[in-house]
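Shown next as structure tokens: one chain only, the form predicted alone.
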């Protein structure tokens, strides 16, 4: 099976796994993941974060975002733009819209932008991942193009344990993350940053 077909199969299975979690289990997992991230040194030290608004059964980081804002951290969200590029934007008041792919995103005209090199922590969603922190995304490569520009940031994947696969169908264009956080544990991909 070609890598493209393996990615597609893992993507479908991962989306089904995350959407199929019972409500009580999902709520407990979301809480556990947010608590785990809150306790991590990379979060505690971070001043500028890139989170995401949960979509399609992804881990919900709303509680983490609220805590980060209370701690005085800058919380930005990705905006998908032309040519599969991402922009990190801090939403203003009434600054949300339904953007590309039906994902809730900040309105760029009413948002403050954060340069990629100013980010300290980037939390990345996925459809599937493995124990060495390779990920399968939605297939457009937004994060794979953006993460190399975040040269000062810890890139931390966020997923439910049900999305873990023995070996993610990743190739040379897929960016390996520094770590992954699930409701059960933290996986380390690299030792470049303290997680």
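Residue numbers count along the first chain shown, from 1. Just so it is clear, the model here is predicted, and its values are computed rather than measured.
Beyond the structure shown, there is the form predicted together with a small molecule, which is absent from this document and is the topic of what follows.
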Worksheet item: Does any heavy atom of residue 107 come within 4.5 Å of a heavy atom of the small molecule in the model of the complex?
Response: no
Worksheet item: Does any heavy atom of residue 60 come within 4.5 Å of a heavy atom of the small molecule in the model of the complex?
Response: no
Discussion item. In the model of the complex, does residue 142 come within 4.5 Å of the small molecule, counting heavy atoms only?
Written reply: yes
Discussion item. Does any part of residue 15 reach within 4.5 Å of the small molecule in the model of the complex? Heavy atoms only, please.
Written reply: yes
Discussion item. Just to confirm the contact call: exactly one of 28 to 36, 149 to 157, 66 to 74, 49 to 57 touches the small molecule in the model of the complex at a 4.5 Å heavy atom cutoff, so which is it?
Written reply: 49 to 57
Worksheet entry | Within 4.5 Å of the small molecule in the model of the complex, all of 131, 162 and 186 (non-hydrogen atom) | no
